[in-house]
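As a starting point, one isolated chain is supplied in structure tokens, in the form predicted on its own.
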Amino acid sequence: METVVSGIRPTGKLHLGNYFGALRNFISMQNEHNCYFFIADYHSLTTHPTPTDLYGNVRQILVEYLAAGLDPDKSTLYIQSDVPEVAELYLFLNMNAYIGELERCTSFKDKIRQQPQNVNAGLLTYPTLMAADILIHRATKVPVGKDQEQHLEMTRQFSNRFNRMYKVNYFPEPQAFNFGNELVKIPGLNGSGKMGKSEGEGNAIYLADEPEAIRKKVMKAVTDSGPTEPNQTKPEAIQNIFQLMKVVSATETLNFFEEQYNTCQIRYGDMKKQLAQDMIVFTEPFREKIKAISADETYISKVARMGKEKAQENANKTIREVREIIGFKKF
């Protein structure tokens, strides 16, 4: 059984892109692997050092991941800052990380362009904190997107360097967990690109959105004047609408509108109304669970406490052994 670690940034509500992206795979993985899923509140400070409601953001993410299907009895779901051993391992790894390699990191270069007024040490050492998150549980597999592949390579570098420096074979070399073709890319409603809050609230359908909000967003989705020739190739914005329908609507519904498009009879207003209704039906179970869990403070506290205890037990063992390897001893 593989040990899998993955982090979740507390930066907003879950949308359909999150769900059809990695989240569905996380839900499946927890039945087959030893999984640690953490809410990365330390990481969030690198870009938002003075958050207006860090607690509220963390709580909302915890609630929504539970509502979406992560099971605290099957996996370890915890808050990063609840496990101080992560910060200690981060310190040890920083002692053996070189300024040059950190400065060459692509994400660091991108971030200093995006936030030149806030080039902090946390940004520079982001790869070592990510490595600490992974190595604290001695993970063997890490689900990563394209933008995190370099960080995972650096984690392997830090792991191997530690083993080499202290002449041990302690940390494994974590590999990328490849979902292959299982990840579904969900387009946004703005006519191009993927669904995400970075393109504005109206671009994404959130699992917690109320029906009226969904209708308004979908009815504003970008379309064109319609096809002028039978079986005409769909432009990107129209292909996006059909892709969204493909993931939330019945096959016969999708086929009906495909036929309407191919025969130049399509009415986008009708298609959007149907798509909005299908999205409302699809998100209803999540919406109701989010409301129920959010109202149960006892359960939320229990889940956070249970995740903390399970994560700390494993992390504490790692730190004890790392301290012994390095040479720390009590007097």
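A residue's number is simply how far along the shown sequence it sits, counting from 1. These numbers come from a predicted model, not from an experiment.
The next section is about a form of this same protein that is not shown, the form predicted in complex with a small molecule.
Student: Looking at 187-195, 128-136, 241-249, 206-214, which one sits within 4.5 Å of the small molecule in the predicted complex if you count heavy atoms only?
Tutor: Result of the contact check: 128-136.
Student: Just give me the single entry in Leu124, Met154, Val142, Ala97 that has a non-hydrogen atom within 4.5 angstroms of the small molecule in the predicted complex.
Tutor: Of the listed residues, the single hit is Val142.
Student: Taking the small molecule in the predicted complex as the reference, which of Thr223, Ser81, Thr76, Gln148 has a non-hydrogen atom within 4.5 Å?
Tutor: Result of the distance check: Gln148.
Student: Please tell me whether any heavy atom belonging to Arg320 falls inside 4.5 Å of a heavy atom of the small molecule, as the geometry stands in the predicted complex.
Tutor: No.
Student: Heavy atom to heavy atom, is His43 within 4.5 Å of the small molecule in the predicted complex?
Tutor: Result yes; His43 sits at the interface with the small molecule in the predicted complex.
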